[in-house]
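Heads up, the chain shows up twice below as structure tokens, two forms, tagged structure 1 and structure 2.
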Structure 1
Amino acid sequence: MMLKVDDIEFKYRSTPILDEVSFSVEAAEVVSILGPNGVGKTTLLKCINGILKAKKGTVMVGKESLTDMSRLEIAKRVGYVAQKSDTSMATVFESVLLGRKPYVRWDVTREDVRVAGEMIDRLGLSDLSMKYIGEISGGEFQMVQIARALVQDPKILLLDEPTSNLDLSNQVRIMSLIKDTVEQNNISAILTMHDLNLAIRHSNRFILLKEGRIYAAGGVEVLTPDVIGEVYGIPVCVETIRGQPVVVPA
């Protein structure tokens, strides 16, 4: 088991956001957290990463408790791509290279530069590598953030709406890259997603949140019209097209 989340509870002041959230993720799995806006998806990722401190519950990475780790130790195990991030005057290459920071002792090594360069090439960002972050598009910046998380060489990859600013081609490209990386490196990825059909195509399992609790969890079999309708408050049909389930508003 790569990650275990047990009985997480979280409140913003006195407002409950997450209540008794428990699940586990195996190696080589992509798990999508689904649900409407404001249901606690981003908060859950931040609790898993230790950015927010849960009122109750534990997060285990392998056999280690997150609460026993320093921020540096967490960064070596967990890569996090936020939904929003500030831009800076760093270049694309420098921004990706920052993902190697947990491994840098005195100075950046040739290995760090090589890893960053290879990831930039892999994501098709080579032509942008010397551009400043403030000069590139929102979609390109999203891909830079994903590249930075991947060069951390994490065991757990957390991505908050990783395709939200991407066009159709890059949505498929990034999701395919995430799935291939997870399988090839035997790590785990947890994503928050709004696009149900993109999640279905690229995920192994699904967690559906409603009012801060897990309403349903499992493989594609849990994505029934009844479950989706209850979680999102809209009637849907689930059709099969070329062997792939597709969610369509009724």
Structure 2
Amino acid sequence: MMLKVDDIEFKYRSTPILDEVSFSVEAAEVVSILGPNGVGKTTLLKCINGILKAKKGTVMVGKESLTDMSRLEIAKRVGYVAQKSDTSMATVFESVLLGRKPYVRWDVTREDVRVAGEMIDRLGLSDLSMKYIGEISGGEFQMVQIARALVQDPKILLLDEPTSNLDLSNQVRIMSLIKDTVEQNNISAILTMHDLNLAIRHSNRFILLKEGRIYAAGGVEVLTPDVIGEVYGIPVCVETIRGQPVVVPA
């Protein structure tokens, strides 16, 4: 088992956001966290990598507890692609190289530069490498963010709405990249998603949150009209097209 989240509880001031959230993720698995806006999806990701301190509960990566680790040590094990990221005055190469920060002692080494360069070349971002982040498209920026998380050499990849604001082609491209990377490197990815059909196509398992608790979890079989309707509060149909379930509002 790669990741085990046990009994996470988080409150903002006195308002409970997450309560008794427990699940585990296997190696080479992509898990999508689903649920309406404000249900606690992003908070859950932040609790996993220690950006937010959970009031209760533990997070284990393999046999190591992230709960007791420093931020820097967590960053060596968990790569995080935030929903909001600033377009700083950095080039694409500099942005990807930043992913080596948890390993930097005094300065980046030639090896760090090589690792970042290789990732950029492999993702097909070579032609953009010396461009400023502000000069590239939204899809390319998302690729850069994922590249930055990957050069952290993480065991767990957390991605907060990785396909939001992307066109159809970039959505598929990013999701394929995540799935292939996870499978080839035997790591795990946890995503928060709004597009149920994209999640169904590219994820192994699903966790549906309702009012800060896990309402349902499992493979594609848990995504029934009743469950989705209950979680999102609207009636839906689940039809099968080319052997794959497709969620359609009723």
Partner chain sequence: MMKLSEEKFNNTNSAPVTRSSDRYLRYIARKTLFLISCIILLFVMMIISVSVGTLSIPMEEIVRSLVGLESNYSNIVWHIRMPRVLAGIVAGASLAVAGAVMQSILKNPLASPYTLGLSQSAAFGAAFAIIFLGAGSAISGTTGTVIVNNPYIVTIMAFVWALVGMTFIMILSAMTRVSPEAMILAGVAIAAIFQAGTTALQFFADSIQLSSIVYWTFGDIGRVTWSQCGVLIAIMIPTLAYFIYNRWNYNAMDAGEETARGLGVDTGRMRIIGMILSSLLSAVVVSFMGIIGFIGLVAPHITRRVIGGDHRFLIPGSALIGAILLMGSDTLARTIISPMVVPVGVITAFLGGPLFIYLLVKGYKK
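For residue numbers, the reference is structure 1: its sequence is counted from 1. Superpose the two forms; the largest set of C-alphas matching within 1.5 Å is the rigid core. None of the values given here were measured: they were computed from a predicted structure.
Comparing the two isolated chains, structure 2 is the one taken from the form predicted together with its partner chain; structure 1 is not.
Once both forms are overlaid on the rigid core, the distance between the two CA positions of Ile136 between structure 1 and structure 2 is 2 angstroms or more. After superposition on the rigid core, the Cα of Ser176 moves by less than 2 Å between structure 1 and structure 2. After superposing the rigid core, the Cα of Leu98 is displaced by less than 2 Å between structure 1 and structure 2. Fit the two forms on the rigid core and the C-alpha of Arg122 turns out 3.2 Å off between structure 1 and structure 2.
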